[in-house]
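Only one chain is included here, represented as structure tokens and corresponding to the form predicted alone.
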């Protein structure tokens, strides 16, 4: 029976068939109960393997969760809005999420948290920094250019991180616009940036193209600006605080 399961590609059932048979004998299961338990075991295994494939494909830099975000340290972040985004209703309407603010305030944490929530709900997700995206766009051969745009247009949720740190050449800016256009009103995109929207023209080297890109990006979007303290500096500041002594 185990060999038959393997030949039928019932991977999980092949591994669990012996203990299932033993339990069935001990508890005197009917054929229907045994068949249900066997199929349930295989289904759960396939779901877990699919989830693991989605997780690996997402390439998240770290598995951040929205519930671990420290709202007390960043009181300017709307906890109500984050809870609403965690429901993933924004993905149903292909709404984008734009996180703005200086380095270290938690933009990437929130972006990755949304991606984790999407993955756990069974969606596909992909994380990429703008620098990495531009490298892939510029890649020679059949995987660069519009082929890269098509790849990144497919995930249910796309996270583009660190917009503003890498200069964008005109040809790259045009392909970035094509990507936003391909996802417009079809799939949700999460972007993080340390720039205000008025600075995107300088970043892309083309005010008209920046206006067209932002028009599509912000037509259906939740924009969250974080002006708090840096998480990365918090530990340093705490470590540098002199310990008071009693005279």
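Positions refer to the first chain, counted from 1. Because the structure is a prediction, the values reported are computed rather than measured.
Form predicted in complex with adenosine-5'-diphosphate: not shown, discussed below.
- Note that among 214 to 222, 36 to 44, 60 to 68, 200 to 208, the stretch whose heavy atoms approach adenosine-5'-diphosphate to within 4.5 Å in the predicted complex is 60 to 68.
- In the predicted complex, adenosine-5'-diphosphate lies farther than 4.5 Å from every heavy atom of residue 76.
- For residue 123, no non-hydrogen atom is located within 4.5 Å of adenosine-5'-diphosphate in the predicted complex, even though that partner is not displayed.
- In the predicted complex, at least one heavy atom of residue 108 sits within 4.5 Å of adenosine-5'-diphosphate.
- adenosine-5'-diphosphate in the predicted complex is not approached by residue 144, whose heavy atoms all lie more than 4.5 angstroms from it.
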